[in-house]
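Only one chain comes next, encoded as structure tokens, the form predicted alone.
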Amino acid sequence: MSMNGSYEGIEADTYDLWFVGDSSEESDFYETCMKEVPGPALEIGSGTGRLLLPYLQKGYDVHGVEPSKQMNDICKAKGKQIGVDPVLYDQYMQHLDLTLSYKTIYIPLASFMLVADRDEAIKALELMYLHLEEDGQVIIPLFIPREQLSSPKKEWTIRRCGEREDGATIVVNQSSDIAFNDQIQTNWNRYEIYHAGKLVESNFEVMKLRWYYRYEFEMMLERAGFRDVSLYRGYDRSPLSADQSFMIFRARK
């Protein structure tokens, strides 16, 4: 069993099966934000380099923070194949401790929600503030699991299914639970690898996600010292609506 959001073992090996394909809208969004506030950037939760490596190819000065050493190793190997050498740090965002400061810090895929403890989440925001240059920006997407809130699904369902390069079939089964008062969604993920129809490897992971409501997270940002908080309902930067589940927070130091 892996730690919350650690992405080691099967989770790291199969990551690129699920998080590939057309992410141009998301990538363009962060690129535009970096252009508007020029300077070095830090991606927290950089994974295997889905966004980071293309930015390096384009000449952007972007470093990566990822708690999974295995994911960082995969990212470095992929970078070597395309001629870039990413600067990566094996750290959790709530323990961020770097010698450099940045103009932009962004956290893709709502990975901030993996910091399930509220006090640690506040600490993570404070550390991001400290690692930003003056007038720098932080960009944090979040979501509220409204569908699960209205109809929790505790039964096991197939969440993902794909085929690895060696021909193995990867199946991810998931069951979820909601602690409404604590604002915690718990996902139980069972990874299974099949060769020729036979189960050859499996792993079990528990992942907790803490969701936040709009004004709650705005106050958390302000408590950490941020100002000029903007909110978007999507990567097209359209304004947030009252019942929006997906939110992108952008704030300045």
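A quick note: this is a predicted structure, and the numbers were derived from the prediction, not measured. Numbering starts at 1 and follows the sequence shown.
Only in words, not in the display: the form predicted in complex with a small molecule, which the text now covers.
S.K.: Exactly one stretch in 169 to 177, 135 to 143, 80 to 88, 108 to 116 has heavy atoms within 4.5 Å of the small molecule in the predicted complex; which is it?
M.R.: One stretch meets the cut-off, namely 108 to 116.
S.K.: So, Leu51 and the small molecule: in the predicted complex, are they within 4.5 Å at any heavy atom pair?
M.R.: The answer is yes: Leu51 has a heavy atom within 4.5 Å of the small molecule.
S.K.: Just checking whether Gly47 would be counted as a contact of the small molecule in the predicted complex - the rule being heavy atoms within 4.5 angstroms.
M.R.: Heavy-atom contact with the small molecule at 4.5 Å: present for Gly47.
S.K.: May I ask you to check whether Tyr15 falls inside a 4.5 Å heavy atom distance of the small molecule in the predicted complex?
M.R.: Output for Tyr15 is yes: heavy atoms within 4.5 Å of the small molecule.
S.K.: When the contact criterion is heavy atoms within 4.5 Å, does Gln185 count as touching the small molecule in the predicted complex?
M.R.: Residue-level check for Gln185: no, no contact with the small molecule.
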